[in-house]
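Next up: just one chain, as structure tokens, the form predicted on its own.
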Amino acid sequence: MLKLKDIRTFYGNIMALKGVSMDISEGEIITLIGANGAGKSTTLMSICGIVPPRSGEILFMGKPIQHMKPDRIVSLGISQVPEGRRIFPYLTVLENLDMGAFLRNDKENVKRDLEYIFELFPILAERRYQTGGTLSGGEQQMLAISRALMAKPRLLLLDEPSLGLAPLVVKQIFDIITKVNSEQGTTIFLVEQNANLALKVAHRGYVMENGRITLSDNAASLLSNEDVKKAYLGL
């Protein structure tokens, strides 16, 4: 579904991604783990066109997208839930969700998807007329994920969904991630500092250090890898 070939992305003269290659198959949950500043978020922003790579190729369903604008990439079926949530604080929950479906024309399906979102996150149904800024951190993360899902993505990019949340809320959100993958068939690319949790829900994983992929394997093997345990699992 998605293939990155030798991606090099810069901030000014600083190379953040140094020849990153990876692939994601349809229906998978893939996780990218690594320390702060390793280049994980930059990888997601390169995929969705916010920080385009200077060289290399990104293929989505066989089509090169590395020179496309972000809105065009969304229309192809890629949605991102950014780090820090970035909901619209002065819009209501419903208005935030409407923004997620902005590029869609299939009104009846949008209505059905909204009902599905409220089944996934009943608290959002209760809060539908509240402004986003009045929600708790966990509720805002649920809203950010729901807004991305309203675009009906084939590939969902999640950037640090557990950041700053209570363990109970984190568990709830990760349960929903696996549910969306299994029920809707949505492919998920998960960037997460909580490596233990990420590898437990993922099918495969990549380890990133200093802008390079240093290791890739199925998730179970990475969980039992001694180097991964020491560096990222605190074991």
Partner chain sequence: MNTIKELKKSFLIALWFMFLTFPIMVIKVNTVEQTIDWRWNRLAMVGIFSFFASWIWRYLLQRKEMGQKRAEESETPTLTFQQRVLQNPKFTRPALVVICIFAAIFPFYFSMYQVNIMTTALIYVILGLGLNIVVGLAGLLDLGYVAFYAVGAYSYALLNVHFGMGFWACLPIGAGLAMLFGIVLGFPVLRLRGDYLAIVTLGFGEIIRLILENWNEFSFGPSGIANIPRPGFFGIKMSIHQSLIYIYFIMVAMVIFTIFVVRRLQDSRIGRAWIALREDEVACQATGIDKTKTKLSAFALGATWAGMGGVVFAAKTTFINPASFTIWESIMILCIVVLGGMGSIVGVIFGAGILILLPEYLRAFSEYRMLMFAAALVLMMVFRPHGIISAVRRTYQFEGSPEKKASS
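Quantities reported herein were computed from a predicted structural model and do not represent experimental measurements. Numbering follows the first chain given and starts at 1.
The discussion below concerns the form predicted together with the partner chain, not included here.
Notebook entry, point to check: Are all three of Arg86, Leu94 and Tyr129 close to the partner chain in the predicted bound form, meaning a heavy atom of each within 4.5 Å?
Noted result: The answer is yes; Arg86, Leu94 and Tyr129 each reach the partner chain.
Next item on the list: Answer yes if any heavy atom of Met61 is within 4.5 Å of a heavy atom of the partner chain in the predicted bound form; otherwise answer no.
Entry: Flag for Met61 set to no.
Notebook entry, point to check: Are any of the heavy atoms in Ile117 no more than 4.5 Å from a heavy atom of the partner chain in the predicted bound form?
Noted result: Ile117: no, not in contact with the partner chain in the predicted bound form.
Item checked: Touches the partner chain in the predicted bound form: Val74 (any heavy atom, 4.5 Å) -> Yes, Val74 sits close enough to the partner chain in the predicted bound form that at least one of its heavy atoms falls within 4.5 Å.
Note to self: in the predicted bound form, does Pro82 come within 4.5 Å of the partner chain, counting heavy atoms only?
What the structure shows: Pro82: yes, in contact with the partner chain in the predicted bound form.
Notebook entry, point to check: Looking at Gly37, Pro70, Pro167, Gly27, which is the one with a non-hydrogen atom within 4.5 Å of the partner chain in the predicted bound form?
Noted result: None of the others qualify; the residue that does is Pro70.
Checklist line | Any residue of 100-135 that, in the predicted bound form, places a heavy atom within 4.5 Å of the partner chain | finding: Result: Gly100, Phe102, Leu103, Arg104, Asn105, Lys107, Lys111, Leu114, Arg128, Tyr129, Thr131.
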